[in-house]
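Only one chain comes next, encoded as structure tokens, the form predicted on its own.
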């Protein structure tokens, strides 16, 4: 067991964790830890794109679309922050090297997804998240003040008088106690708890488990999003492959097994998912069809190259026949309750990304708002830390407990999180 000392400890290497690190001051000693490899995140899997207000006039419409999709159970102030600060954050991401798709005039090529009233989603083909992750990883690795530790598991935070003063980590079966002035939880959602999910399997609510053990306030943990269109493969027990909503945004049509259309494909995700479940039950089938084969084949191969190639691997040529799809768990709208600056109920503890509940999503996330949320609210956290950290001191306590079994801790976390979600009425198909 050894002790380390840093200014800021960030747990998680997705868009929220790395973007936060890149917005912190260059003179701060920052440690970013990843449970697996740096790119083993849900950010890397995001296909559709990043929602962004097209201009100031679009902000109120963007707000309304987000509220409507969230069944008006959103935090209005948080939604206003998200939409107003969307352009500056996407601009900064582009300045870091993200090469978004452009139209023939050289302008951003906005696309449309379900429940958006206009085309306002920027993208890089259908692997936007992968390119966002690569951009952030490249920049983080170039910063001398950011140290990165992969295959490093958060056991617990270190608390003193309701102040977070660090985190206990396990790496290569060695316990590392990291004392920090500020700790940021960016450790993802809960998809790994589900039998059918589009999420990375390692994401099992570790941040929530930590919060539960320390009575850190949670919010809306029963709000769990089901994505309508994951590739259906009866022999696949691994992560479900997502068929992005942008496929429907670009004209894809849904049919039941009898070839009948049954829903407006661009309604909010929860509405489309319920319609698919109803149709599957009515037709006694495990899937429905998503068809784009009527679109130009060269266009499909270019615009949806990731989806085209992955489906081809699984035996479906999307340029020639429809895709079998069914709903799967996709996103966690609830999480650790935070304010507009990503501060939790514990002093010097922050939460960003899917780990956090900013309240912007309400009961159902609007398409392509997840990457944007990770950008906007992690930058706000960084801004607060940049301004206050000089007035904070490193604290230390003696850590007597020795942790060796990551598997045992993860199982305890799993049980704790599942119990808490079920108590609030959430559903888990473990």
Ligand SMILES: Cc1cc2nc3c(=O)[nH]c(=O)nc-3n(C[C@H](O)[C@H](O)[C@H](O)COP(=O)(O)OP(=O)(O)OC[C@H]3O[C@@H](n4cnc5c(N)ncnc54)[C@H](O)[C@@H]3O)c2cc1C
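Numbering follows the first chain given and starts at 1. The structure displayed is predicted, hence computed values, not measured ones.
Keep in mind that the form predicted in complex with the named molecule is not shown, yet the notes after this line are about it.
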Check your understanding: Do residue 331 and the named molecule come within 4.5 Å of each other in the model of the complex, heavy atoms counted?
Key -> yes
Review point. Is there any non-hydrogen atom of residue 11 lying within 4.5 Å of the named molecule in the model of the complex?
Key: yes
Review point. Looking in the model of the complex, any heavy atom of residue 228 within 4.5 Å of the named molecule?
Key: no
Check your understanding: Is there any non-hydrogen atom of residue 15 lying within 4.5 Å of the named molecule in the model of the complex?
Key -> yes
Check your understanding: Which listed residue (30, 46, 69, 376) meets the criterion of a heavy atom within 4.5 Å of the named molecule in the model of the complex?
Key -> 46
Review point. Among 40, 363, 384, 59, which has any heavy atom within 4.5 Å of the named molecule in the model of the complex?
Key: 40
Point to revise | Stretch in contact, per heavy atom within 4.5 angstroms of the named molecule in the model of the complex, of 253-261, 349-357, 317-325, 74-82 | key: 349-357
Practice item. Establish, in the model of the complex, whether 224, 276 and 335 all lie within 4.5 Å of the named molecule, using non-hydrogen atoms for the distance. Key: no
Practice item. Scan 193-208 and note down the residues that get a heavy atom within 4.5 Å of the named molecule in the model of the complex; none is a fine answer too. Key: 198, 199, 202, 203, 206
